[in-house]
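The data below hold one chain only, encoded as structure tokens and taken in the form predicted on its own.
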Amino acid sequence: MDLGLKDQVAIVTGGSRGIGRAAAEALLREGAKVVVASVRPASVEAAAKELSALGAVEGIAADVSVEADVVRLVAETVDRFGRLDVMIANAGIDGDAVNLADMTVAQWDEMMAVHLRGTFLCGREAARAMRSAGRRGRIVTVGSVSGIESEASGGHYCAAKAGIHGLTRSMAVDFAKWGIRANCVAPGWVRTDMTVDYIPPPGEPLVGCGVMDRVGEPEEIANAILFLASESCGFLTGETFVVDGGQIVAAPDLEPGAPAT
């Protein structure tokens, strides 16, 4: 299936590992030109070198929570490749697990800066570049099922991800006049560097993690990102795609006679 991504230019933030790395690989295999961005220069350089066998790829170090960095990231992308068609706003952190009653303002602000401010800046700068060039671009953000349900001691993460879902809808509304579409992917548990300490080894089930009793792989989330970044969903904008193996659709498996609360 031709997704219409050949020679399109995409930025993937947080693209040196995990879901971002898988998304960059998927885009390159479709013939897109990709800029891999991450806050760690060495990681960016290594990822770009490894991915270069798949196609045209550049690495640019940038902190998505810093306005000047995101402005530079988009400007350098356009300078190197001549255009920008797709922004994948994926960069994120897991942060400390802290009850909201004990959370510091610094812990809250760090989470909001990377996830929510970073997604806003990436979407804003991408839209400006696309508008200026008259391109009907696509913005794909990465939320989480944690933005739909809540986790103990993760209130800052849940709030930031819920904010991304709402922000994406607002982008879809505000950018529609220029033909720019914005959609969000909300993964459940996925095997990445950030989750490896919480999930079983490959091949072992994670019982209770959705109706499929397993975690997802980065490539499975990348496939959803690839679809939203493509021309194959031209009538889709402002949506949040939940890709979680049925994590949030099933009620708890209660013992007979237990109260359904």
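Quick note: we count residues from 1 along the sequence shown, nothing fancier. Please read all numbers here as calculations on a predicted model, not as lab measurements.
Although it is not shown, the form predicted together with a small molecule is what the next lines describe.
Not displayed here, the small molecule is kept clear of G245 by more than 4.5 Å at the level of heavy atoms in the predicted complex. Although the partner is absent here, S43 sits close enough that one of its heavy atoms falls within 4.5 Å of the small molecule in the predicted complex. Under a 4.5 angstroms non-hydrogen atom cutoff, the small molecule in the predicted complex lacks C209 among its neighbouring residues. For G238, no non-hydrogen atom is located within 4.5 Å of the small molecule in the predicted complex, even though that partner is not displayed. Contact with the small molecule in the predicted complex, defined as any heavy atom within 4.5 Å, is confined among 132-140, 169-177, 88-96, 74-82 to 88-96. D193 is the sole member of E231, D193, E204, E50 with a non-hydrogen atom lying within 4.5 angstroms of the small molecule in the predicted complex. Between the options V64, A224, A26, V57, the residue in contact with the small molecule in the predicted complex by a heavy atom within 4.5 angstroms is V64.
Within 4.5 Å of the small molecule in the predicted complex, a heavy atom is found for every one of G14, G18 and S38.
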